[in-house]
Ligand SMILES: Cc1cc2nc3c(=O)[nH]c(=O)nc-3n(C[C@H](O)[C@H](O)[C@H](O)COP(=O)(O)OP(=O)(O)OC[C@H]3O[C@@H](n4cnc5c(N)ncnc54)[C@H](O)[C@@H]3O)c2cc1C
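Next comes just one chain, in structure tokens: the form predicted alone.
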Amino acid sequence: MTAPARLMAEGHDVRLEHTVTGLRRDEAGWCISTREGGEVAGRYAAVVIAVPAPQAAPLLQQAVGDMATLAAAVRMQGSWAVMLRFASPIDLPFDAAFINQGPLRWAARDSSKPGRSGMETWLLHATAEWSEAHIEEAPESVAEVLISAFATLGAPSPAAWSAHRWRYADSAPALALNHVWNSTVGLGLCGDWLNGGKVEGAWLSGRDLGLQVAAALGSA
């Protein structure tokens, strides 16, 4: 899922592994502070916050109170996912399925996607309810439960697995604002939690906010 972002970042000044801890605006523009490097040099005409609502709220509290209130009111849910690797194709009568019982919500033969090659791979997603109840558990415990649930559908034991926890995977319910832009101070919000809660909503939210910011800065 990071491949599109890496491609779009080529040729731009992208600073990784910086945790933004503060936003402050003065007459020269926005000042950004990070945990790792303190205050970032320079001032910025606009800031876009594209993180989950619980992470956006503290930053917004320092900058624009009404945006902070909006973000603080959103409840987000976690999700556990497990990727399985098999030495050879497994015999199941489906490439993807909603399970609708037990801890599993979704199982998909990831290696069946166009252009894929190599080992047989499957992606398992736990339900939001189960994920929330086990959000702090060790990956090994989570994988054991989900692999066991997948086995009841006829799947053999995988050759290898990896587990990933999305702490803020979904919102219940998601908003239908698309994005938020305060043209007075040059501050914007985008993300899936503002636009339906799914990946296409996140993309549309970011695209539409980007167009609005570009238009605002282009006319400045």
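None of these values were measured; they are calculated from a predicted model. Note that residue numbering begins at 1 and tracks the sequence as displayed.
Below, we turn to the form predicted in complex with this ligand, even though it does not appear here.
Participant: Note which of 187, 169, 57, 175 lies within 4.5 Å of this ligand in the model of the complex, where distance is taken over heavy atoms; exactly one does.
Facilitator: After the contact test, the surviving option is 169.
Participant: Which pick from 45, 160, 51, 48 sits with a heavy atom within 4.5 Å of this ligand in the model of the complex?
Facilitator: When this ligand is considered in the model of the complex, the option within 4.5 Å is 51.
Participant: Of 187 to 195, 149 to 157, 61 to 69, 37 to 45, which is the one stretch near this ligand in the model of the complex, taking non-hydrogen atoms within 4.5 angstroms as near?
Facilitator: Only one stretch qualifies here: 187 to 195.
Participant: Is there a non-hydrogen atom of residue 199 within 4.5 angstroms of a non-hydrogen atom of this ligand in the model of the complex?
Facilitator: Residue 199: contacts this ligand in the model of the complex.
Participant: Quick one: is residue 125 in contact with this ligand in the model of the complex, heavy atoms, 4.5 Å cut-off?
Facilitator: Yes, contact at 4.5 Å.
Participant: Verify the contact flag for residue 74: yes if a non-hydrogen atom of it lies within 4.5 Å of a non-hydrogen atom of this ligand in the model of the complex, no if not.
Facilitator: Flag for residue 74 set to no.
Participant: Examine residue 18 and determine whether its closest non-hydrogen atom to this ligand in the model of the complex is within 4.5 angstroms.
Facilitator: Yes.
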